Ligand SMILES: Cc1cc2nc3c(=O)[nH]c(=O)nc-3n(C[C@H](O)[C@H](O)[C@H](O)COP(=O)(O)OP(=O)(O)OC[C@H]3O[C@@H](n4cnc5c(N)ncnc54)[C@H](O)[C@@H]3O)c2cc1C
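Presented as structure tokens, the chain that follows is alone, the form predicted on its own.
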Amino acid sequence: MKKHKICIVGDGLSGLITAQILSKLDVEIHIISKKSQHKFVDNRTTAISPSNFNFLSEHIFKKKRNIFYQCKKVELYHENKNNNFNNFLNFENSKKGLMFIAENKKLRNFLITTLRHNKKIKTLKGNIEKIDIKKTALTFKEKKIYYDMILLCVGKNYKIVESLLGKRLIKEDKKEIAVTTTVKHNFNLSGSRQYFLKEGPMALLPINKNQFSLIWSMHQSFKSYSDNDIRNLITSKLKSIFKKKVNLNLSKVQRFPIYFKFNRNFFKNNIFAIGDSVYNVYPIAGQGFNLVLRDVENLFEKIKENLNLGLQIKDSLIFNNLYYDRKPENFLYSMGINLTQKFFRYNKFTAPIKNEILKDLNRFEFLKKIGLKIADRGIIN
């Protein structure tokens, strides 16, 4: 019997993880990687929920769990009009952990290394000339290759998705940028912290006991600031937060545009788009990538079921069922994070009201349990 063939377009974290996971099945996988890529070192981090971490550990990271930092505590702060930082909500789980944090560059390097030794995965470097939706084929180096399914893991390069799946989407320009850097320090920061500041939300995600990743969402007016000005602003804000003498050493500052996007179409025929290709989540507490992992796990289970029943995966109901399983979850989660960002956006007139709403929030244990469950397994599961 001819082996099923799956093509994954894109070799970012989503594409690499999807390839590694699906290679556990009896399928042949091609990854399409651009031939010419800029030498870009990604200083960001990825935060993974416990349930997603268990899934990845089972299939990929069983022998390399030390890539991840286990975070057992998360603290949320709100900056009020008097430049004080109110700690309004805390989560803690000393046994299970709340999130597992990894540097993107280390995660990517490990995935690429293991991929080279995986005989079920073949990497094709070059640019796609054409994708034939009706025949589930793509033209690559003047050669037409046929597949059972094609997965688009092209990140924010959504033009290819729009050309194939259509332009029916919800989109909002946030007029903000995300500033990221890695900070070395001389104090104890074992847990993750999320600050809702006047300039915008700032997340501190520990990598180890003396280093954390910082991502700060700011108004696009800060785009005109030089890297040195941004570094000084970050240093000043961190010293104000910790209110003590601290030694801080910041790595290179990187900037990314922020916008909210949700494509109404995830698939067409045997082509399916995953992750940032179809939805963009506001960068609060690193939750966005968990949606991608839940999509991949659901896809893995559906393909596995078809193969176990001896059914073909091409022209099956896999993508249709995956779409109806995952779209409501992804939409509700994306909108929830979007509304959270809007609620905490600083306004001097509404700040007193927010302080009143938030001051007793930490006392409601049932709300915290619900929050932990949603952060770990999503809204619907």
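So that there is no doubt, residue numbering starts at 1 and follows the sequence shown. Note that this is a predicted model, so its numbers are computed, not measured.
Below, we turn to the form predicted together with the named molecule, even though it does not appear here.
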Among L89, A137, L169, I258, just one has a heavy atom within 4.5 Å of the named molecule in the predicted complex, namely I258
The named molecule in the predicted complex has a heavy atom of only one listed residue within 4.5 Å, and of L98, I215, L299, L165 that residue is I215
Q. Taking the shortest heavy atom distance, is N263 within 4.5 Å of the named molecule in the predicted complex?
A. no
### Message
With a cut-off of 4.5 Å between heavy atoms, is F110 one of the residues that contacts the named molecule in the predicted complex?
### Response
no
> Can you check whether F289 is within 4.5 Å of the named molecule in the predicted complex, heavy atom basis?
Replying inline: yes
Contact between A19 and the named molecule in the predicted complex at 4.5 Å, heavy atoms?
-> no
For the named molecule in the predicted complex, the stretch among 231-239, 142-150, 275-283, 305-313 with residues bearing a heavy atom within 4.5 Å is 275-283
Since the partner isn't included here, can you check whether the named molecule sits close to all of G10, I32 and T46 in the predicted complex (heavy atom within 4.5 Å for each)? yes
Restricting to 187-205, the residues within 4.5 Å of the named molecule in the predicted complex through any heavy atom are L205
